[in-house]
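Coming up is one lone chain in structure tokens, specifically the form predicted on its own.
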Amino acid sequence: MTTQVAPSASLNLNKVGLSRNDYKGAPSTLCQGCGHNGIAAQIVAACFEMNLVPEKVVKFSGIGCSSKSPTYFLGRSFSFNGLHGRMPSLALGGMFADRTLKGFGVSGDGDTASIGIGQFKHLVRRNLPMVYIVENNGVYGLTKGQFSATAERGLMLKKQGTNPYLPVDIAMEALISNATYVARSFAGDPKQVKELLKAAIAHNGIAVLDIISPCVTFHNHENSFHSYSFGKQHEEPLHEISFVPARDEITVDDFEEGTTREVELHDGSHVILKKLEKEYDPRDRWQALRMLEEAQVNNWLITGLIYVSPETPSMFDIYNIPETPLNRTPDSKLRPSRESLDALNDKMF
């Protein structure tokens, strides 16, 4: 069900008759300059440009600064804020109840890489068709600045000492868990964030976006891998990326330096990649793993579309979920008849 109010003629409207304001949420209560606010702004822009109807979107989150973010975009959408690390279970149940909705999960490095990593990996391997955003700042900002599982080894924070542990690489964990879309970006690169989000929305499967999102209060030190200054100085884009809808399909025959390569997504839409210096094919899973390992060793902030597998069936395809939402299917179709139950029981004897 969609409820629309007649907009002002002066507003810039998309193809479903909505303005950008229709995709906004409540005013943010996060710290001024927080990277999460920038990500929320790009979600608003991406959904507006992709002509999503807000009432056809459902948002899920857990606990943490990142999990407050869904309040700040798509205020007209369904939303469920759950327990710490348990967002994947909520998403799985909610998406199965109504597959006609587009799912957005927003999590953080604590919510996903610590208490929720088991649920994260099982959701990824099941290829539930949803957008899974990790707002990664390497710190527990909501509880005053402790190290998170993605904080780099050797990092020194006030009152926390020195981190002795190697970090969890969320993009690598997603790739190892057989995610069918893996990307990394930097909150300080809004254009790239928006284009990766648009491609993720069009993907038929789990789309994991690890977005480095600096915490300006507890973790924006110049030498930190999760700071604005480090991100701007060390960001290494794999390619220039823009999402091109199927109606504007662009085909190229070669992929030499300076040319583009087309990656077809499941629904016929395309991501267009322009190669800069690296010869990189995001459909090659082993190349993606090698690239992530090389980036980790060299402290490179590699951004862009890391891996995509548009042909892999989604969880809905595997279970043959009907188009009619289960939460609106009458009991007469959900419950087996008395005759079928009797026939089943007879087989047990």
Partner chain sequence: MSEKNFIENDFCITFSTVNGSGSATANTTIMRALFKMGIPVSGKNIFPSNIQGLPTWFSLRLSKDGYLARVEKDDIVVSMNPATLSKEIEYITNGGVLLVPDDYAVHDIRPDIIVYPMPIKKLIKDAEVAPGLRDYISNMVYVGILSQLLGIDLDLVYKALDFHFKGKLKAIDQNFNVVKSAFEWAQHNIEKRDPYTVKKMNGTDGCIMSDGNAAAALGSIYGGVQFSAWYPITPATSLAESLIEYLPEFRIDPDTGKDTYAVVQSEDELAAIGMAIGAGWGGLRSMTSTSGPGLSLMSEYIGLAYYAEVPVVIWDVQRVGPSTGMPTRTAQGDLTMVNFISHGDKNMIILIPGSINECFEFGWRAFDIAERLQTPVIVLSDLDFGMNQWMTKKFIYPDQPMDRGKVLWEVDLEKMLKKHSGEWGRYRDIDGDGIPYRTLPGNMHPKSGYFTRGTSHTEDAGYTEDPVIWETLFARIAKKFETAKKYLPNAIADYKQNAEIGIISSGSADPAVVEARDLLAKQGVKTNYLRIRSIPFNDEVGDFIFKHKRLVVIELNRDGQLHQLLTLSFPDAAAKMKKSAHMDGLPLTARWVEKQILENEENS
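Quick caveat, the model's predicted, so the values are computed rather than measured. The term rigid core refers to the most C-alpha atoms you can superpose between the two forms while keeping them within 1.5 Å. Positions refer to the first chain, counted from 1.
Omitted from view is the form predicted together with the partner chain, to which the following refers.
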| item | value |
| --- | --- |
| In the predicted complex, residue 338 touching the partner chain (heavy atom, 4.5 Å) | yes |
| Touches the partner chain in the predicted complex: residue 16 (any heavy atom, 4.5 Å) | no |
| The partner chain contact in the predicted complex: residue 33, any heavy atom under 4.5 Å | no |
| Partner contact for residue 58 in the predicted complex: the partner chain, 4.5 angstroms, heavy atom | yes |
| Residue among 154, 190, 93, 161 with a heavy atom within 4.5 Å of the partner chain in the predicted complex | 93 |
| Single option in 178, 77, 204, 114 placed near the partner chain in the predicted complex, where near means a heavy atom within 4.5 Å | 77 |
| Among 317 to 325, 280 to 288, 295 to 303, 33 to 41, the region lying within 4.5 Å of the partner chain in the predicted complex by heavy atom distance | 317 to 325 |
| Contacts with the partner chain in the predicted complex - residues in 94 to 133 whose heavy atoms fall within 4.5 Å | 94, 96, 97, 98, 101, 118, 119, 122, 126 |
| Core-superposed comparison between the shown form and the other one, residue 336 Cα displacement 2 Å or beyond | yes |
